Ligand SMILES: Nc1ncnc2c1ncn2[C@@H]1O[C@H](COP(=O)(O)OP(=O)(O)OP(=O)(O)O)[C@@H](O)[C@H]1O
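This document starts with one chain, in the form predicted alone, laid out as structure tokens.
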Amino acid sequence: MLLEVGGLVKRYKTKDRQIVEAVRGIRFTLSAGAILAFLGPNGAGKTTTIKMIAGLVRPDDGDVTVEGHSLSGRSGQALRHLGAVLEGSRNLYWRLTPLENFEYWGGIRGLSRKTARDRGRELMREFGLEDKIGSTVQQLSRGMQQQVAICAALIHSPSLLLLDEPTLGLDLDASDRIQDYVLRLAHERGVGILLTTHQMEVAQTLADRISIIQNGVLTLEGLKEDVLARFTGSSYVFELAEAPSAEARLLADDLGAAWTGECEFRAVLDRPTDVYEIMRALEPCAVVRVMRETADLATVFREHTRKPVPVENIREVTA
């Protein structure tokens, strides 16, 4: 198995000296060539988990194994197989050119200067950026900088790539190029990819498997198609003749309404007959349209994370 995350726990001490568990026994695996979207609301423990996998934060319990090498044991061998592009981290030196960055990061990974330069040129060609290799990073567009950061993370040909918000803030063309490249890395070269993003459309396009973390606990996991199928057929769109009263809106909220406008909302229902319960809650406001829809990942995420989750709900995910 490429990546094994075994029972990771991370505790922090608050200002009033209380102990808070940010991550509570996370377990999952990732195989070569698979893309796992690791999703969760802000504060769920997602970034802390990723940083433990990347070796940037030491867990209080549990371990991470990459290509059979333990981070708690021989971390150097484990990290040799890992590349990472983390949002908010210094992935590149902006006053250096891409080629100089490749020499620096490749040297840290044990590559010779020539190997790092040759590999860097090859990666830049794959993104169509060979003419930018002599420009400083700060002269490049945001999309180009992100593509160069991915090249730097791949300079040592890792088998595992961590991508934290790889398309955040990018225009459509740059986002499409990165998504296409990520799919090729996984499906053509067998690189295992752990992806975190708040852009559900990106996760739905790229991922083979989905995991959702809440309150430091994995609460939903599975093949993307299976996860979407769980919600398909139970998701409905309601369109109203006029905006409901505040009281009626609150009643609809209690029944699972997620409003997309003054007169429109979505709801995932346990039973088709629950449609009538919502309609009664909205009276005297008229419902002019009810449509069952195929759930997308945004709907699944919104509905799944809407309610608090028991701490005991720890699930294992395999990709």
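All residue numbers are counted from 1 along the displayed sequence. In this text, all values refer to a predicted model and were calculated from it rather than measured experimentally.
We do not show the form predicted in complex with the ligand, though everything after this point is about it.
Distance criterion of 4.5 Å from any heavy atom to the ligand in the predicted bound form singles out 87 from the list 208, 221, 87, 100. Note on the partner interface in the predicted bound form: the residue among 281, 267, 44, 263 having a heavy atom within 4.5 angstroms of the ligand is 44. In the predicted bound form, no heavy atom of residue 65 sits within 4.5 Å of the ligand. Mapping the unseen interface onto this chain, residue 29 falls outside it, with no heavy atom inside 4.5 Å of the ligand in the predicted bound form.
The ligand is not drawn, but in the predicted bound form it has a heavy atom within 4.5 Å of residue 22. None of the heavy atoms of residue 74 is located within 4.5 Å of the ligand in the predicted bound form. Note that among 253-261, 34-42, 286-294, 273-281, the stretch whose heavy atoms approach the ligand to within 4.5 Å in the predicted bound form is 34-42. No residues of 66-80 lie near the ligand in the predicted bound form, the criterion being any heavy atom within 4.5 Å.
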